[in-house]
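The chain below stands alone, shown as structure tokens; this is the form predicted alone.
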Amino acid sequence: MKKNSFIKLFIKNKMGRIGMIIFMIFVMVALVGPVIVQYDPQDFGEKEDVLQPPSLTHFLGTDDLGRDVFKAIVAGSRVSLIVGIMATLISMVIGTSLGITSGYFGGRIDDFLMRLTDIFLVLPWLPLMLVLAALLGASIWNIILVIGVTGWAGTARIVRAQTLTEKERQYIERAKSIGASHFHIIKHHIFPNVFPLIFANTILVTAVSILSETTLSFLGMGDVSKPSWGTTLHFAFESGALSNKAYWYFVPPGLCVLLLVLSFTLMGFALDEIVNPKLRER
């Protein structure tokens, strides 16, 4: 599919447009927000500033330590996006590499890699991430690594299935007959034809990665020195914001997670329709 044709189809897709608009808003907030709105996690307010509702001074109120919730949300947008995207890249590299290798070579290599994939598919992902995060320690890069190395199995399965289909094409047989190496065939024939599916799946996996980061941070496994939406929700829960009806403390970060995940989900569905002709025909 040509680049111009792909862009036109994406723009025509209503879900894709809505998802992209929401995503770009969060990207702008993540890039510009922390520069304009300075946030210091150690900048505690006075006693009378604790859990104050929204006002002209504090647009989204204050937390249990008197800190501005709006500033925490803006600062957390960058952390949540970075963790989600970087973890997805690790996951996609592992899943794509194993999926193509398994589908292309087959035999014992396929059996071994798929049994390994099955193990990661059946293991409860949340307990596994919690154990790894606890062992590695609370750090943004450790969270990225944990999410990345535990979230590749689904991608590997999808890529393997597509690789098995592409491997049977006539052009692959012709490439083999003229002496093309395995690396050449994978690089110039298999991967380019599998890439659209990988790209569409990447968008959906990013949504899962952001949710995973939020979950780990909410459970206390995040880096409290680097505020994210998950850590904000964690402190809101610990401080009793729910029982105190301090909705301004837990609703905004939860809503941000919801909207960002929704944007990736909408874009993922749109891309899936574009790369899958059968879905476009409906």
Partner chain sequence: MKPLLKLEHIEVKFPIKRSLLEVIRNTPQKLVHAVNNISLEVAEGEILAIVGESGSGKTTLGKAVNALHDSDVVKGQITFNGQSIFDSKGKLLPEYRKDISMIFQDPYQSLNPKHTIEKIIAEPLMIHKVTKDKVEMRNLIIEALNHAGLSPGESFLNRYPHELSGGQRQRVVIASALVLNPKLIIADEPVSMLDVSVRSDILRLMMKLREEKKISYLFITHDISLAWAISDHIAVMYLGTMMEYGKADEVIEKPLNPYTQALINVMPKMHVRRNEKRVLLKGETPNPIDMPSGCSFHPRCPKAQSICKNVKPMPDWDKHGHMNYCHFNEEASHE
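Predicted model only: the values in this text are computed from it and were never measured. Residue numbers count along the first chain shown, from 1.
From this point on, the text means the form predicted in complex with its partner chain, which you will not see here.
Asks: For the chain seen here without its partner, which of 191-199, 132-140, 92-100, 119-127 has a heavy atom within 4.5 Å of its partner chain in the predicted complex?
Replies: Result for this chain: 191-199.
Asks: Tell me, yes or no, whether Ala175 is in contact with its partner chain in the predicted complex, where a contact means a heavy atom of each within 4.5 Å.
Replies: Ala175: contacts its partner chain in the predicted complex.
Asks: Is Tyr171 a contact residue for its partner chain in the predicted complex, using a 4.5 Å heavy atom cut-off?
Replies: Tyr171: yes, in contact with its partner chain in the predicted complex.
Asks: Using heavy atoms and a 4.5 Å limit, would one call His184 a contact residue for its partner chain in the predicted complex?
Replies: Judged by the heavy-atom cut-off of 4.5 Å, His184 is in contact with its partner chain in the predicted complex.
Asks: Should Leu164 be counted as a contact of its partner chain in the predicted complex, where contact means heavy atoms within 4.5 Å?
Replies: Flag for Leu164 set to no.
Asks: Between the options Val149, Ile109, Ala180, Ile85, which residue brings a heavy atom to within 4.5 Å of its partner chain in the predicted complex?
Replies: None of the others qualify; the residue that does is Ala180.
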